[in-house]
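Just one chain is shown here, as structure tokens, and it is the form predicted alone.
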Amino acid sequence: MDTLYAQIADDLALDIQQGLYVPGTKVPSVRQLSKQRSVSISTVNQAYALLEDRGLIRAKPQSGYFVRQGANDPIMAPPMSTGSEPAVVGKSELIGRMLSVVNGSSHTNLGAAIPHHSFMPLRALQTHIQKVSRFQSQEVFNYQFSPGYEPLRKQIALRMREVGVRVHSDEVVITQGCSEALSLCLRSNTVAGDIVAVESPCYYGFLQLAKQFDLKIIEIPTDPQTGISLEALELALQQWPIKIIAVNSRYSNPTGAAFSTEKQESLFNLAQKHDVKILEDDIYGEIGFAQSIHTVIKKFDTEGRVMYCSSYSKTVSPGLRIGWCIPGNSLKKIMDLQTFTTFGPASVSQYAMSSFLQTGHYDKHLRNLTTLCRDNIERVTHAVRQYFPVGTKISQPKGGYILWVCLPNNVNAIELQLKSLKKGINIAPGDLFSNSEHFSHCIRLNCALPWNDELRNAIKKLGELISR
């Protein structure tokens, strides 16, 4: 649940967006609002500080708080993509350049979608790692073969009920992050030359996996708010021998698009009609804001057609490398493949994650993380509107912590990446997310960073580089 000051800020923000308070008008004084809402002055001050961070109001000394110019202007969303024909992709050099600076402290990481350590429950994880290492040392320092540690699989199966999926723990496979889950699903269901349909733009890691396995990618037109076009997808299914449909159903990377429950069911029915499998990546699914989606495509799967993948890398720890898949009728193939390649994730990680989930603290952490991500999305959005050139279009995700930003058409995102790295700023150029050149003027921004002067100045400096 949101804090009281955040609720007050959200209520006033809604009033501003709906035009109750127009730009230039004064909002209630701190004392007035304190009396109206029966809260302390300090709570109202926190609410107003949050609204200032979001760029909705500003303080005038001795006069009070006023609505900023442009506070209720609609955000320009990126346009729908156009898709492409099947093709092999390759972006390893660009990816390597972006990831090369992530582990150091010399650059502000607006590029890789990795949460800052302050967003993660590090102290709690340390406690649980020490606990399992001390009391279950024989088990945690031994192999844990596929499908993985049973108590952890049971906890994941139980949590899947919250999104309408009822599975047995024996149907869950623990993997080394979501990347291995996606890799296992692809390798067990395709051969070289097969075609996979994806959203456009699409997560660059998936495109690289497809390249490794000599698969062809067909990009389907995608709306940055509602996701892949089912009409365009059906046309592609009629024209091409597509083997798998790969999608993020909730808070897509990089656009933040989310499928409604009705669209999830329609996509499943379409895959069923054309006898195609679905690879569902739900790695950001638990970081949903207001009006978030509480179902996944896997909910509608009664025949093992949907291969569902996720992980705790975005919500608990990227370094634990704990992911999972629920691969349906590909279960046996995937277990065999994992057994004779990686065996499975480190046992200590599986035991520690299971111990952390057992305490019941995960949901509280998730609420705090979601609030942090939502507030930062709003703050970064405001900073981009303030510092980037006119005509910039910004996604409006309902979850996750990444923004998709379409710059004026004359901007080259790869050149911008090179310039920004020299200035100590890391970004992800749009070219990473497609085999086409449709997104060469776009960038993806990671918002899971502490909001401070360093981050604000990095966005300002980035805006200056774009405007040159």
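Here the structure is a predicted model, which is why all the values come from computation and not from measurement. One rule holds for the numbers: they count along the sequence shown, beginning at 1.
There is also a form predicted in complex with a small molecule; it is not shown, and the following applies to it.
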| said: Give me the residue from Y203, Y308, F259, F356 that has a heavy atom within 4.5 Å of the small molecule in the model of the complex. | reply: Y203
| query | Which of N248, T222, N109, Q350 has a heavy atom within 4.5 Å of the small molecule in the model of the complex? | reply | N248
| query | If you check in the model of the complex, do S179, Y284 and K314 all have a non-hydrogen atom within 4.5 Å of the small molecule? | reply | yes
| task | Would you point out which of 166-174, 360-368, 314-322, 269-277 contains residues with a non-hydrogen atom within 4.5 Å of the small molecule in the model of the complex? | result | 314-322
| With the cut-off set at 4.5 Å between non-hydrogen atoms, does Q264 touch the small molecule in the model of the complex? | no
| query | Could you tell me if S395 has a non-hydrogen atom within 4.5 Å of the small molecule in the model of the complex? | reply | no
| Hey, in the model of the complex, is S183 touching the small molecule, heavy atoms inside 4.5 Å? | no
| said: Would you classify N253 as touching the small molecule in the model of the complex, given a 4.5 Å non-hydrogen atom cut-off? | reply: yes
